[in-house]
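The chain below stands alone and is given in structure tokens; this is the form predicted alone.
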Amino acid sequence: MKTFITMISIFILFQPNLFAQETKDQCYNCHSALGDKVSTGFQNDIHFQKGISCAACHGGNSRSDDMSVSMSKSSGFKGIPKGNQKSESCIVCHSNSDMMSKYGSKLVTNQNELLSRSVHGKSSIKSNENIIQCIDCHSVHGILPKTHRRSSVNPINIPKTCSKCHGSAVFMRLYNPSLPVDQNEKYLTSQHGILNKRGDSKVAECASCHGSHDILSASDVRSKVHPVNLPHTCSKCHSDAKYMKGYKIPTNQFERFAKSVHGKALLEKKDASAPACNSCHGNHGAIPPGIESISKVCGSCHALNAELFSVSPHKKIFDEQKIPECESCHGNHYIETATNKLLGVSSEAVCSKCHTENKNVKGYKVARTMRYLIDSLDSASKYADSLINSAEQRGMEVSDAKFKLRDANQAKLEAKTMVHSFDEEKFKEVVEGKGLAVTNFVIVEGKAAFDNYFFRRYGLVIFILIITFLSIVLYLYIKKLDKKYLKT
């Protein structure tokens, strides 16, 4: 008896049409009676729940159970929509705010307008239809509200939905062969992807960064993922303390980044080559801060610095003590311009964090010497520049010396790189051998120009005095001759 009841229960459970409700939609009633896949899926469709007939998309007369009437051309039956007809059926209602209100919908009605301007709204290779249609993302005959966890556009499912096209090399080759097709695989390795896979619908997925209907190419300056806009896109979540509550990470990253040398270049000067969030954290495979690989990312731009550090005495110690490399001295989001104050043994110098007069003394002495050398080069460079400019303003020819002074500025840049070797001799070679040698030469040239200037000025004065004296003498002599001539 127990076995019989179980079999009956299983039979009932796997008969989806058994409880299908009879509606006034004769299209549905017939298809439901047939038990086809379309009607089975449509039972849970939001449109079915709202009482929208099959005829809304397919045309025809849904009130007649006579196929010759309901599916006649005179009734407007379209059959299976082709090409852009698929989306046009959706647009009829979804672009009409009155129609949407009628069904109690609060959805915006500009999706088609946004989609037509997006990268997906372009013509496909068939030319008679757009690259994607509404149903490509929202599915068909089983469309669920975005908030439903089984919806294809629910945040939990969006990566899988997007990867249907973006994970297909064959499909993507048709439209943008340069785009990688492993974004979803990378995403699943990211913290966003890991949490999304666990069912966290708050973490970033494709639409969080790229948008939904309004997706633009990343190279478009209006795109949410264009380098100049990306920090703002990330900060929508990462600067929202209420939204980020529970993830136990700071929410001041954007604020600090905006004040950094990178942030000022990117956000104020609009330098798209400056680092954005994804330059260090990655984009689809974004990884959290604080792990070793993040610090190595700096070397992808600052290659020479990274190379010098890798053979420096610090490298081994940092590795042994698991100290983050670049960010230990420069920070992470708030990276200041590398000025002289970071070097040395003063309280504001980063070297003083580890090196004092009594602790790690060798490094303390090296840091102190390096700071002295770079300050000396700075002072000499400023003095040489001032001397040359003053001489030039006095009309002296100093163009060669002025041009040569550029080498001193280049030496300062080299010194800022060489400091990552933490090798006093190599640092001194750059500062003294290149920088100070040039500034000394320029200072000598400047002083010579000034000497020449004063020689000319004093010579002119002496010449004028001599001429004046001779003129007076000549005048008196002539006057004397005139008196002598009058007496005779």
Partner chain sequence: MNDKGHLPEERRTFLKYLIGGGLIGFAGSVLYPLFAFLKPPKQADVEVTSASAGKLSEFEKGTGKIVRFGNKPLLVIRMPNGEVKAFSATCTHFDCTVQYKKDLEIIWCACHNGKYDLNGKNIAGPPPRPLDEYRVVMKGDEILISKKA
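Computed from a predicted structure; not experimentally measured. Numbering follows the first chain given and starts at 1.
Only in words, not in the display: the form predicted in complex with its partner chain, which the text now covers.
So, in the predicted bound form, is Phe403 in contact with its partner chain at a 4.5 angstroms heavy atom limit?
Judged by the heavy-atom cut-off of 4.5 Å, Phe403 is in contact with its partner chain in the predicted bound form.
Should Gly282 be classed as touching its partner chain in the predicted bound form when contacts are defined as heavy atoms within 4.5 Å?
Judged by the heavy-atom cut-off of 4.5 Å, Gly282 is well away from its partner chain in the predicted bound form.
Taking its partner chain as it sits in the predicted bound form, is Lys24 near enough to touch it, meaning that at least one heavy atom pair lies within 4.5 angstroms?
Lys24: no contact with its partner chain in the predicted bound form.
Look up in the predicted bound form whether Gly121 has a non-hydrogen atom within 4.5 angstroms of its partner chain, and give yes or no.
Judged by the heavy-atom cut-off of 4.5 Å, Gly121 is well away from its partner chain in the predicted bound form.
Quick one: from Ser379, Asn176, Ser273, Gln85, grab the residue that has a heavy atom within 4.5 Å of its partner chain in the predicted bound form.
None of the other options qualify; the answer is Ser273.
Could you tell me which one of Asn96, Asn128, Ser386, Ser399 places a heavy atom within 4.5 Å of its partner chain in the predicted bound form?
Selected residue: Ser399.
Heavy atoms within 4.5 Å of its partner chain in the predicted bound form: which stretch among 54-62, 458-466, 26-34, 39-47?
Within 4.5 Å of the partner lies stretch 458-466.
Though the partner is not shown here, which residues of 296-315 have a heavy atom within 4.5 Å of its partner chain in the predicted bound form?
Gly299, Ser300, Cys301, His302, Ala303, Leu304 sit within 4.5 Å of the partner.
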